[in-house]
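Below, in structure tokens: the form predicted on its own, a single chain.
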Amino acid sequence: MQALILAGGQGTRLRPLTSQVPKPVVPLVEQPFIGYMFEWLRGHGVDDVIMSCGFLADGVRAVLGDGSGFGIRLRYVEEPEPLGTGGALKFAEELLDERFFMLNGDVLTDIDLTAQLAQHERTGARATLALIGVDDPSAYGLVRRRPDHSVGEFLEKPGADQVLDTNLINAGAYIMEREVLADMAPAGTNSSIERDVFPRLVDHGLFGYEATGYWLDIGTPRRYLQGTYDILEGKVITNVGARLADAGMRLLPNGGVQGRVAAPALISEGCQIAPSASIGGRVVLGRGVRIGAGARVEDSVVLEGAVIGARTQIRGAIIGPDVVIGDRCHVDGEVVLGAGVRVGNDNVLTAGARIFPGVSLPDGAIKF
């Protein structure tokens, strides 16, 4: 089975993590984010993946290669300019099989694609949307189904009076027959699969599959952290979650850990944690991270090569690669520090502050 993954966005909501690194390959609990999608797809029989890229496409290729490291065949199409989700689909047409999955590349999920495919075949659908129930659908577009599972209506940003009969939203996972592309605008046209293609398929072979399981759009720092916690705690089905469970919810390197590490936590090889430091729970430390004496890190991600000074406290934050944070700092409240940031001693960063790559803050420069 084949899948087309739309991964051409700039990931602006995740900056500064995505200022220099394409969103599909931003590290997430030990591997590129898109690796979780490959793992999920492979579990449902997908072995041929086409990635539709745009922003920093060369960076995606450099990390993912031909896909062999993930057990798939991976090919790329690169849009010369952003064409929207429909335009990206049409641009990839020559590589597509007669039936394929189409997926938004910014979702962490474990929904059952095999069951979705079985419904698609039973109904004789031309396209089947995965739908997922959410507690608050007001920020999404609702999808109404008929008793035979065919899609009857799309509701954009519904009001409270419109969510009484359904809370199903588009989960960004579709099964499509290639024939659908014949009725689309020509290649090179900017169009939306959600606004221009699917509404025209209502009453013409468009069905919805009600999925269950884990689903999270990971496009913001808060959701990036939530996805990290959920992987560590096994709330979404992943290989690394299974390894953590087998290891008592702590994965530690062979040496270098002298401080306290509370579960769940994943500490990568080459990390150095001082004897009086405290780590966890819900912490990921990338390769070569160094944690100073008396420092405390909780509910956070500290990426490769970062250095945390003595008696510094990090909580609910994302620390980019090669960041250096001095002594006696406090960093919390969904703060994101971009690659190579330097923070001097005695700084306080909180309230969602974002520091972009390469910025240096002198001692005591910020005290929120």
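Owing to the predicted nature of the structure, the values given are computational and were not obtained by experimental measurement. So that there is no doubt, residue numbering starts at 1 and follows the sequence shown.
Unshown form predicted together with a small molecule; subsequent notes refer to it.
Heavy atom within 4.5 Å of the small molecule in the predicted complex: which of 210, 230, 79, 110 fits that? Just give me the one.
The residue in contact is 79.
Counting non-hydrogen atoms within 4.5 angstroms of the small molecule in the predicted complex, say which of 188, 141, 234, 152 makes the cut.
When the small molecule is considered in the predicted complex, the option within 4.5 Å is 141.
If we take heavy atoms and a 4.5 Å cut-off, which stretch out of 294-302, 212-220, 179-187, 277-285 is in contact with the small molecule in the predicted complex?
In short, 212-220.
Does residue 7 reach the small molecule in the predicted complex, with heavy atoms at most 4.5 Å apart?
Yes, residue 7 is a contact residue.
Although the partner isn't part of this model, could you tell me whether residue 88 comes within 4.5 Å of the small molecule in the predicted complex, counting any heavy atom of the residue?
Yes, contact at 4.5 Å.
Does any part of residue 94 reach within 4.5 Å of the small molecule in the predicted complex? Heavy atoms only, please.
No, residue 94 stays farther than 4.5 Å from the small molecule in the predicted complex.
Would residue 169 sit within 4.5 Å of the small molecule in the predicted complex, counting heavy atoms only?
Residue 169 belongs to the contact set for the small molecule.
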